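To begin, one chain is listed below as structure tokens, in the form predicted alone.
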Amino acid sequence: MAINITFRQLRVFEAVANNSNFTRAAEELYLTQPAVSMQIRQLEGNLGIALFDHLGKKIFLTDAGKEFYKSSRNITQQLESVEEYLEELKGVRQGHLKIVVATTANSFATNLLATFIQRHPEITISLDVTNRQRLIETLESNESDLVIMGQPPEKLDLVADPFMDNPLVMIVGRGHPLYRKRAKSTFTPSEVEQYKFVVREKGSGTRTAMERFFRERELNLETSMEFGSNEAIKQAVQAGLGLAIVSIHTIKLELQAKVVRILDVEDLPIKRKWHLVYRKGKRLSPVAQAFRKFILEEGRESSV
């Protein structure tokens, strides 16, 4: 029996599966929600089987849907490879680039992207700014061209190019007792141990580095609140809810406004790097190759 499936239906199906939501899939694809629902109904009708379970307001892939998703990803990735090959024939003057960036890196990554677009005005870019867990999922599924992140995951076979220093520093807000304390120019880690810290969610690269810093010195890390974004961390520090360890790239405006300051603590900053990451063996398009070359040159010249 021949199955009549369009590439458009596969794109819509994957968007719904990735978002677990028809409305968000429609927004991602610049379609209306009824149009997305219609494409899924037609696809399920052509296949003769349900791909999604609707439980209340939530949707889940059925067992058949999970298997179909694997096949769909293989098909779309093969078609994307054909598109990349055709782009090679055109050169770097045209093409599309899919970049996924850690939230912590967004402050400088957008500036780098702006410069790259100025040099290649006909190139279009999709930028997704997200947390570490989503970055790893993107690498596992090979969804993006390139990923900008801190410490790459060890469990995946990746190419990870370090291109910029990413020092992690300890900050304090104006309302905190340590903000104006100048009796000692430098604090020891044990001296700040008595204060509470606000931290990123579990699995965050910054939090992992922070926990390691205290663990290696056999010190206790007492946390008061946990947040899912750097903006929330900075707001909490400004409100006096605790100290925090953050990338110095994220606090330039706050330092200028003097709403936070960097504490001089022994053994800090924690020295880390930003990496440009992609799956080993992935064939980069001419656009992705050009961006990789650009990032490695421009990033290494950038200073904090």
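None of these values were measured; they are calculated from a predicted model. For every residue, the number given is its place in the sequence shown, counted from 1.
As for the form predicted in complex with a small molecule, it is not shown, yet the points below apply to it.
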*So which of T110, S141, Q151, S81 gets a non-hydrogen atom within 4.5 Å of the small molecule in the model of the complex?*
Q151
*Partner contact for A102 in the model of the complex: the small molecule, 4.5 angstroms, heavy atom*: yes
*asked:* in the model of the complex, is there a heavy atom of the small molecule that lies within 4.5 Å of any heavy atom of H249, even though the partner is absent here?
replied: no
*Is there any non-hydrogen atom of R261 lying within 4.5 Å of the small molecule in the model of the complex?*
no
*Does the small molecule come within 4.5 Å of any heavy atom of N131 in the model of the complex?*
yes
_in the model of the complex, segment of 173-181, 186-194, 213-221, 131-139 with a heavy atom within 4.5 Å of the small molecule_ = 131-139
*Identify whether the small molecule in the model of the complex is within 4.5 Å of every residue in the set Q9, Q39 and F68, based on non-hydrogen atoms.*
no
